[in-house]
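We begin with a single chain expressed as structure tokens, specifically the form predicted on its own.
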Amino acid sequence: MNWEALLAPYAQAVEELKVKLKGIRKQYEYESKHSPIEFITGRVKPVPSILEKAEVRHIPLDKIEELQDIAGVRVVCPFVDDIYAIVNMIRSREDLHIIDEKDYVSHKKKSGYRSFHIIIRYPVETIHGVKMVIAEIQIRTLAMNFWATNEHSLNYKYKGKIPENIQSRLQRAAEAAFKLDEEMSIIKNEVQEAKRLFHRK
């Protein structure tokens, strides 16, 4: 299989989505408004990870495009409210089509994981015409991102079987992270005003 050729449209989709989302962030800055986007990252899943996931899901190599997270973009927000502002913004766009949504913010996973996932179909212009690429957009707060990044590392270290004592600590940490988000949401207006004053300097 020619992986470079197969994954090229996914890489293009990631780069285009990052540019478009960064453009939204800039528009808020130009208008001196609170931006619901803190930063954006994106990646194409490495081939070994694709093969591993395909094996677990029993997806044959000729149907590898059934995997919904080969192309992934992450939007990290300052506040919980901002997550839903971004979700609504994505819903209103005409340059992509939403296939599925999973709200792990309101309905956290058993592990404590919180994030909002949107699966989209995105048109990529290729030399062979338009190719519809499936991509995943994850939207979460800074605190959720900090927790999820560390949980991901631990899952990798323990090959998905994190010891119970560490799991329970992770769950407590997830609750602490969400408590932080709740507290920061209460003083959101104060924080935004402070940022505006700082930028005016």
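Only a predicted model underlies this, so the values are computations on that prediction, with no experimental measurement involved. Numbers follow the displayed sequence, beginning with 1.
The form predicted together with a small molecule exists for this protein as well; it is not shown, and the discussion that follows is about that form.
Considering the small molecule in the model of the complex, the lone stretch of 134-142, 58-66, 34-42, 171-179 in range is 134-142 [heavy atom distance within 4.5 Å]. In the model of the complex, the small molecule stays beyond 4.5 Å of every heavy atom belonging to Y84. The small molecule in the model of the complex comes within 4.5 Å of a heavy atom belonging to H152. A residue is said to contact a partner when one of its heavy atoms sits within 4.5 Å of a partner heavy atom; R121 fails this definition for the small molecule in the model of the complex, lying far away. Contact check for H97: every heavy atom lies farther than 4.5 Å from the small molecule in the model of the complex.
The candidate site formed by Y10, K18 and V73 is entirely out of contact with the small molecule in the model of the complex, as no residue has a non-hydrogen atom within 4.5 angstroms of it.
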